[in-house]
Ligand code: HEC
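Next up: a single chain in structure tokens, the form predicted alone.
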Amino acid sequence: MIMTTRHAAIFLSASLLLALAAMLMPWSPVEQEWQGYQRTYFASAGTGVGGEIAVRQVIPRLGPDGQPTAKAAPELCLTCHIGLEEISPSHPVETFGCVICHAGLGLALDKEQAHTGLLANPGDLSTAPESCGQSGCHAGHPDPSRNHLEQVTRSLQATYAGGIALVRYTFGAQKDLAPAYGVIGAVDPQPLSQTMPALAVYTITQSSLPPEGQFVQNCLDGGCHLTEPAAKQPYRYRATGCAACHILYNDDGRYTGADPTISRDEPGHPARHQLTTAIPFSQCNHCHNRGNYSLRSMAFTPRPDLPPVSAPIPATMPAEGRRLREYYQPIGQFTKCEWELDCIDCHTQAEAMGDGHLWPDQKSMQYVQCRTCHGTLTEAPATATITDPDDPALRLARLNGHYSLQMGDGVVVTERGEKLGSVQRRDGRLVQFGKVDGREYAVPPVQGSQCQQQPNQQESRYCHQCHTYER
């Protein structure tokens, strides 16, 4: 890589400012805020006050395109955020720094100055194009499977298009269930026959029906779609946008990491400053399975068997018992594997994050069924061998880290051709590896079993009739 004259000038200026700051600091008669943060960190880390109180800098080496950029100047963020966790192995701070995602002024040591223009949550969809969606990061790739921002902003989790269409159709505001509006507007330049070409932003006007106003007030505001902040309640805490799934929150919304600048007592912070693709069901539950919305009253009714309506779940409750209580709503029918596995073990990346198209509703978008992995009486599940070193399944396995996938491995394939890298052929049988904990599960085939399911009854709802797991 060649350092340009402009980059060299920026680097030299930043270095001189840093040296000057370091020379002047010992003469300051009052302890600086960043010094207090470091003392707190060293004390909590068990090193007393013996740790080195010093300005800490990071010099990012690369931009998102792998080349030196004007932002590749020293950053002092870790002077205050000394105990901050590495965001992920794919985003090492030594390579990217902090400013490229969070913005702000990386050379400032005063909190207000440093946080000027700060993006506290770079994954929020209103600011993601400036951070996660920079070309070369999660957008701008020839391979569409890597353009995550494009996919997410057209997903049902972001648009809530199906829910809006259902409410408007129910009350006579539109003639059919075809979505025309979303919480955010979106355009699909290459729509499929089953998808929508575009969605306008849903707004309330003078011609809107009264139930629509109630719907916006009681359901969309403070709702669970990706653009709306979560309700500040136990078991509901989460971030917005990309971080709603990929940044985990404790049920009480409290931070449990090592950054001395973040309060441990104030709810509303993520558990740690870390991205993950190993998303447990408990994170999904911060939005899903909390209760139901009533079309009649246009209000949310929380589940009576879970906090905060019922008593808190004892910390001493065994993990399996807690899982069984929290996972699914009492009115539903679910098989044992659905209870044992996590949501991401069955719902694919395209189902959860979108595939770049504007699907009308969840039923149309969802395509993984019991038969995807178990097959039917007449057909074994479809499988394929990993032969392309650039196969997205390999990348997903590497990012997850709880299961391994190699060239030559055989995996299950969905009806849309998507490889399920965590469901693999091993010694003539199928096994599934949990994406959250790496546990191995046998996948029994339907062929050769005593199943009496009819060939034309292959959706998962038919499996539930016989294989319901009673709580």
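For every residue, the number given is its place in the sequence shown, counted from 1. Bear in mind the structure is a predicted one, so any value in this text is a computation, not a measurement.
What comes next is about the form predicted together with the named molecule, which is not displayed.
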query	finding
Interface membership of residue 432, the named molecule in the predicted complex, 4.5 Å heavy atom rule	yes
Residue 396 within 4.5 Å of the named molecule in the predicted complex, heavy atoms	yes
Interface membership of residue 368, the named molecule in the predicted complex, 4.5 Å heavy atom rule	yes
Non-hydrogen atom contact residue 41 with the named molecule in the predicted complex at 4.5 angstroms	no
Interface stretch in the predicted complex with the named molecule - options 170-178, 380-388, 186-194, 74-82, non-hydrogen atom within 4.5 Å	74-82
Contacting member of 306, 258, 279, 216, with respect to the named molecule in the predicted complex [4.5 Å, heavy atom]	279
Partner-contacting position among 250, 127, 335, 208 - heavy atom within 4.5 Å of the named molecule in the predicted complex	335
In the predicted complex: members of 237-255 within 4.5 Å of the named molecule, any heavy atom	238, 239, 241, 242, 243, 244, 245, 246, 247, 249
